[in-house]
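Taking the form predicted alone, here's one chain by itself in structure tokens.
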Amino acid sequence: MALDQRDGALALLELLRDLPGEARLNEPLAPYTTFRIGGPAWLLFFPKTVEALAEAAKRANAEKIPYRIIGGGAKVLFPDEGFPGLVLHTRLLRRVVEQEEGLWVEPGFPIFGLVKRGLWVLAGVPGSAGGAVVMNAGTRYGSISSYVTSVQTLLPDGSLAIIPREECRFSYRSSLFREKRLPVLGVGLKLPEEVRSVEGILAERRRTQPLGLPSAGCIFRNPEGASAGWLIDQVGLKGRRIGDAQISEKHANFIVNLGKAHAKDVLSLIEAAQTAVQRIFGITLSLELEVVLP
């Protein structure tokens, strides 16, 4: 769809007009991400039902319109220029159903809600259930993949499918849904049998991570046998600042927004860290963050 921003936004509005939800034309994305960075999307759409989310994604695919799905807005960096397409936001899709074997939750259900219901291993992780499944979110205590029983998704042919856990291809901070860019429409979870207080976990995170500033959490995946934050610290980049983006002085695998950081500043810090770690240690740092290109 070779359209300018105005015509593209109006075409998207017309495409989704009959679907239940709220649409916002040329809406800045910064307020919807934990990084607080990102220019306007042609259309930001808040579907009211999972069926509307699936149908919107299906129509975007059919029209070859770029789209992204966000919930809590963690682990994503949108460009300063904005996103020339459709952004689907799951904040209205927060239904949770208690089942005999656990829970079934919609993609916009917040992670802190899962923690309150017993999924203590994710204590302190920002975002929503859908993004947690896509990224296989976790802490040093475990990952969400250990508790997933099945995931509902939209296949490339437009059909809905329930994928059992064994076929979700979960790995360290990745999954089938990240690899193939498949939307998560719902997830079944079996909660851990162990009950544990999260206060100590949250206190540890507050002590070791820059939770008081906007960020996307850890930028890089930890290489095998090493810590990305330690490596970045060792090459002397902890505290490095470009504009209002800074490699955190508290945890070097975080880049924080000191106020008015731009995506280009974050990308420059990412490149600096990757280049220095590769040169000194011979280790390639791969991104945990999703960088959406303009």
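We number the residues from 1 along the sequence you see. It should be emphasised that the depicted structure is a prediction, and the values quoted were computed from it without experimental measurement.
Beyond the structure shown, there is the form predicted together with a small molecule, which is absent from this document and is the topic of what follows.
- F254 belongs to the set of residues with a heavy atom inside 4.5 Å of the small molecule in the predicted bound form.
- Contact annotation: K180 falls outside 4.5 Å of the small molecule in the predicted bound form, judged by heavy atom distances.
- The closest heavy atom approach of L211 to the small molecule in the predicted bound form falls within 4.5 Å.
- The closest non-hydrogen atom of V134 lies within 4.5 Å of the small molecule in the predicted bound form.
- Of the candidate stretches 154 to 162, 72 to 80, 196 to 204, 220 to 228, only 72 to 80 contains residues with a heavy atom within 4.5 Å of the small molecule in the predicted bound form.
- Exactly one listed residue, out of L189, V125, L119, L86, brings a non-hydrogen atom to within 4.5 Å of the small molecule in the predicted bound form: V125.
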